[in-house]
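Considered here are two forms of the same protein chain, supplied as structure tokens in two stand-alone entries, structure 1 and structure 2.
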Structure 1
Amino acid sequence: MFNRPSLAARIICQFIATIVALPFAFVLVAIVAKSFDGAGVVANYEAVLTQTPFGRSMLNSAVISLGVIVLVYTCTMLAGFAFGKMNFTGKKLVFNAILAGLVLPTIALVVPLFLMVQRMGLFNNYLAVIVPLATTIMPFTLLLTRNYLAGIPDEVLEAAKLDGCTSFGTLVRIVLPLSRPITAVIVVWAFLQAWNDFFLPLLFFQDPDMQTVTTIPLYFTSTYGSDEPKIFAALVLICLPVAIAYLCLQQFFEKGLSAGAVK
């Protein structure tokens, strides 16, 4: 939009961008800085790792995240392929019916979910969190994936069919290798949602051994009272895996998100 801006214009733009970005950076820096306060960096982080079931809660969150990612990826890719590349009666209706799940707040499902979990005896079972969580994530990943897969030229699939590929063979051998950006989006998004979820574990896991990382701050506030630096050290540790995942897959993630969302 700018054609060869002058040096003065560039400095002004840099200045304005910095002013807007500062409040965002301020909070991020404040969180990390606060975790260095009090007893000192080493003592704070050591306390989090040794005096709480932090490792155990990390493991729980990892199991849940992995389960959600696998479930979301499998279901999304299969359905995305059908919605993006096949014609059948009722397609639009069914797609919209699934998409309606996108607008549904989990809170509206509290009572039925609670009863389902109770009937099936799934309290303190990973499945009680994995399955509902994956279901609420799927409409969004499906929307992006359908848009992305619809963009793959039909000729490529026709060629595979002429060569004797079944539809499932086409999906595995042709479509999946072409879907790396959208795969990154599905994986990162499902991981984010699963790792960051707070509500379902709170509701279905009463066993202290089943705590997930997002419930650790609660545990902290009651146990350590006002020892804020340790709480903030825990916050930093909770954020680390998702931050690393995002930074590693950043380029794929942005490419896939724009390909799926901006048409």
Structure 2
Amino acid sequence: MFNRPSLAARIICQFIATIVALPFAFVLVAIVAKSFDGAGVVANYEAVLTQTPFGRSMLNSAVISLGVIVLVYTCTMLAGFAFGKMNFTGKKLVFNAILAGLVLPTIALVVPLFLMVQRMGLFNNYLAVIVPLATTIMPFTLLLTRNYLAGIPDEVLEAAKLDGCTSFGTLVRIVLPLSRPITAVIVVWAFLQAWNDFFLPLLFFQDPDMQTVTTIPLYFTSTYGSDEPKIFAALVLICLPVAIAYLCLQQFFEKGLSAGAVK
């Protein structure tokens, strides 16, 4: 589809990418350096681990992230296959209606979500956060997945049908094994959004034992000031799982994001 760029073009692109990345790298270095100030690196990180319910909060965030990933991946692959490879009445209208969710900020849905959770009695229940989060993530992952699956040759799917595969069997046996790059994109993106979410757990979890890891920095703030080194130490620990997940899936993530964005 695209010609291989020349050496000069690649050098220019690499230079521009480096310039763009420098501010983000500077912020990361500043956060880590700040976590070493005050009482010292050992005391700051020890305070985060011992003076807060860090382990319990990590577990809550892990449960929510896993639930969001499973729900987003299942719904996205099923819907992406339907919109990318099947024909049905109103397909374009329904797809565009789902994409409208991309322009809806979560804060605009707070009142109806709160009323729904209240009427269903789901306060202090993981589902109160998992389902709304997955709903707000899916329009973006569906857009990428639909574009990625549309690029799979129809001949491959027709050959599967000739061998007796149903539509669901074709999805499970043919499409999913060919979708590792976009799977990495869905997993990393859903995990990133679920792990970093602060507002919904704070709104729907009234029990302190249900709070997530993003609330840990609040333990070092007060009306009259805040312990900044310990706050930054908490931020470093909170970011570690996301960084590890991205580094593990980096190769597939970049490939899937590029393939899903081009159509």
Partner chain sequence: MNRNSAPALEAPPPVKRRDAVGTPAVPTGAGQSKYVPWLYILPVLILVVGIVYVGIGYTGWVSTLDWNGIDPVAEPAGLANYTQITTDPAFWQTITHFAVFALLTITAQMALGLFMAVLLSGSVVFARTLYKIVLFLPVILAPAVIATAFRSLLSPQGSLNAFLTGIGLPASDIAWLADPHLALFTLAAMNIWQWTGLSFLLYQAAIAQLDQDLFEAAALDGASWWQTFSLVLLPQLRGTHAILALTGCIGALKTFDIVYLTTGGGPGRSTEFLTTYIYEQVIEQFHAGYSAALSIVLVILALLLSTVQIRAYRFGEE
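Structure 1's sequence is the ruler for residue numbers, which start at 1. So that the term is clear: the rigid core is the largest set of C-alpha atoms that superpose within 1.5 Å between two forms. Here the structure is a predicted model, which means the values were calculated and not measured.
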Check: Pick one: which structure is the form predicted on its own?
Finding: 2
Item checked: C-alpha of residue 235 off by 2 Å or more between structures 1 and 2 on rigid core -> no
Check: After superposition on the rigid core, does the Cα atom of residue 15 shift by at least 2 Å between structures 1 and 2?
Finding: yes
Check: Comparing between structures 1 and 2 on the rigid core: C-alpha of residue 62 shifted by 2 Å or more?
Finding: no
